[in-house]
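Below you will find one chain, with nothing else, as structure tokens; this is the form predicted alone, and questions on how it binds or moves follow later.
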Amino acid sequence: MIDSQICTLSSLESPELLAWSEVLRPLWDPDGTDGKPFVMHRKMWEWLFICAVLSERGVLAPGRRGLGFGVGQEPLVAVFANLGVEIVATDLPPDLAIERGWTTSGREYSDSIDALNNVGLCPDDAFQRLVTFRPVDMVAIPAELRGFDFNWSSCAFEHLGSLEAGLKFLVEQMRCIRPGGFAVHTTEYNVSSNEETVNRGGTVLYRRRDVEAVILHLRREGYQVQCDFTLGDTPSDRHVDVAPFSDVHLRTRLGEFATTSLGLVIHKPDDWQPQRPDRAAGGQVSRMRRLAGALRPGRAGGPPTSPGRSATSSPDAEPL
């Protein structure tokens, strides 16, 4: 079974991800003439990873419900709807998206379902019936978004302004999932250092220590998380791509750091119960403060982007 892992060439070549690469082929090979089995790009890896994880866990089926955060114009909404899944797709409210610069490129933001089935991965009638859109700020998830079989996001929570804000999102979004459900999220992963990093700004970079801290916190909250921190060691894995980008884009550079994608899979067990139910809301606040305290300060600042972004594409990466 595919568990939480880091983007590598070997994972792209796995049978599970190769099968989903064929599903997404119209996105990157519209005329069917490209003989490659996959695109060696970390954004493609993120989409394939999310699909494979959710498929293995049986939640991509008619009657299931999924919630996507910061979907931008990604293809997963249409892929899941085509399988009969009812989807609530979300992205920033329009005023915040404009303020924070996510509307300028025309490819990183959506404020309706209109741009979420551009390549026809789902028949229009099914798409219109199964997909709804609502504006959601990931730092203030509406209380009524509950009871989903799964949540997902593709490189979104590192754009919430700080390491702490992204990790708080990982904890808070679990409230949206029913017992027995799953969350799958990918993010920027710092492969240069487990000490220095970008901890505030438009794009922050999570170190291994940050990921380990939030996994420990989630386990204490009663959730199940596994993570494989194995890095690939092929020339393609070691290559750090910079502009003008090549066709080997598993790692790239943000400022002084090399970064790739890391995927987390979080399971809410069938018998899950809130921890410390007899304590007031202050108990949760105290636990989040302990989580924040586990994140040693890294280097502040980063690429010149606005804090609080909530979309799927990393600003450094060439679009597919």
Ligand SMILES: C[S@@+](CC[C@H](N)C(=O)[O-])C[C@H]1O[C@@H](n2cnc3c(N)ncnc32)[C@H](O)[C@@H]1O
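Numbers for residues come from their place in the sequence shown, where the first is 1. A quick note: this is a predicted structure, and the numbers were derived from the prediction, not measured.
The form predicted in complex with the named molecule is left out here; the points below concern that form.
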Spell out, yes or no, whether the shortest heavy atom distance between residue 100 and the named molecule in the model of the complex is within 4.5 Å.
yes
For residue 72, is any heavy atom within 4.5 Å of the named molecule in the model of the complex, or not?
yes
Does residue 88 make contact with the named molecule in the model of the complex, using a 4.5 Å heavy atom cut-off?
no
So, residue 109 and the named molecule: in the model of the complex, are they within 4.5 Å at any heavy atom pair?
yes
Heavy atom of each of 47, 92 and 136 within 4.5 Å of the named molecule in the model of the complex
yes
Sole residue of 81, 184, 205, 155 within 4.5 Å of the named molecule in the model of the complex, by heavy atom:
155
State the residue from 267, 64, 57, 43 whose non-hydrogen atoms include one within 4.5 Å of the named molecule in the model of the complex.
43
Partner-facing stretch of 190-198, 207-215, 157-165, 238-246, counted where any non-hydrogen atom is within 4.5 angstroms of the named molecule in the model of the complex
157-165
